[in-house]
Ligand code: SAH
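Single chain ahead, by itself, as structure tokens, in the form predicted on its own.
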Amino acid sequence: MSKKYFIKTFGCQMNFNDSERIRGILRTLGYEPTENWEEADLILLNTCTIREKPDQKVLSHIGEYKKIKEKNPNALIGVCGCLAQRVGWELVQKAPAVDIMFSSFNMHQLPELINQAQAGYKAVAILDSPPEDEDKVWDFPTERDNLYCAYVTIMKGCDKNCTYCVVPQTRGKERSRSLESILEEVRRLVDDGVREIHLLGQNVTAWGKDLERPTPFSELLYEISKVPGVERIRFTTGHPRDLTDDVIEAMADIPQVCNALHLPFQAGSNRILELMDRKYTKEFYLERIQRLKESVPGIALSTDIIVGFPTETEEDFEHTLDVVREVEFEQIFSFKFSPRPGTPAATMEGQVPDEVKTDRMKRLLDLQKGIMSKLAKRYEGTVQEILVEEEREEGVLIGRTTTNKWATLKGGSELLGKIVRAEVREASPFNLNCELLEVVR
């Protein structure tokens, strides 16, 4: 009988894409997935360390998963991802049930690590920097849950060194994947039925700067759009400083690039942005947003916001609320500041009390709730193009608009993977109820 694996993934889309790659690696080793960890021969936790809660959750899950060894002594428990990279052997000391540990630098070494663990060794391979053969990971397939939309990692790492962020420590410096390798994967995905390509990177719009022949990110968008069968292109997450005019022009010019963008601003106060070392101002961010709205009509915007950064005053926070009011984001991902070990912000004076963070977070979310309701109403009566991704139940389909809104419509399974036009009958902040008009392609 084949062995079974179970993966628990925390954190960002990059981590979820890494898990898809890990699943592909395990498939080549003869493992099959299971949704029940109690019957697994290998349990992997793909971890995040951007905030404190995922750290605590990982230790809690290890404490639960270690029970598997009572009925299956040969079962292996592994930890990978950003927490593994940051903590290393310290985590093994806290949780001795862990048999395998690696980071995003060396996912391709998983087969060897499994062999070591099965031989009775602690297979811990945490590297100080990416190995020379890091690109071998692209040789492995991915195991996707979504048949029609696929993540494609185009670069790893970040050079921005924001004072609150551990990504440069856990993911390393920016390393762009070659254009040829990206296009090869895109072609394979299209051949497999994928219609939407979602490009990923810690700082995706910085792609190409470090290549032997420096290449602008906009050129990559044009090249992917030329691949027959690519119907939609999205990308996440960029830094405002790298959202250059040529990228905006490409978004406006390329039909496949969706009119939606996630662009973190983190804080609206220039004083706080300087403490964060973001290297832009509120005014610069708003200018980029205005240029986007002028160039890409109907663009839907989302963002990240940190509440309660050290020394943040009420006046600073009002600047954040001001940006939210002016831009009118379709969605925000907001977080209370969480000091991460080894970052400059963790030891800054003027740490904001948690009760103040909680109050400000509530006010931010109350404001955003009203904005989302207002924006949702604008969809009612409009005709949207929807990529049908899933049959939720018999006769009920779900998909996404180009603006990344989930939509529900009635139809049969023959519409799966099709792009359809539908009229929005009723809209809420998180779903559009639509009536099918026609199949586009």
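Note that the coordinates shown come from a computational prediction; the quantities given were computed from them, not determined experimentally. A residue's number is simply how far along the shown sequence it sits, counting from 1.
Form predicted in complex with the ligand: not shown, discussed below.
In the predicted complex, at least one heavy atom of P264 sits within 4.5 Å of the ligand. Although the partner is absent here, R278 sits close enough that one of its heavy atoms falls within 4.5 Å of the ligand in the predicted complex. A residue is said to contact a partner when one of its heavy atoms sits within 4.5 Å of a partner heavy atom; I50 meets this definition for the ligand in the predicted complex. At a distance threshold of 4.5 angstroms between non-hydrogen atoms, V327 is out of contact with the ligand in the predicted complex. Only one of 213-221, 177-185, 190-198, 328-336 places residue heavy atoms within 4.5 angstroms of the ligand in the predicted complex, namely 328-336.
Shown without its partner, this chain lists D245, D359, D304, E315 as candidates; in the predicted complex, only D304 has a non-hydrogen atom within 4.5 angstroms of the ligand. Interface residue among Y164, F102, Y151, F235, judged by heavy atoms within 4.5 Å of the ligand in the predicted complex: Y164.
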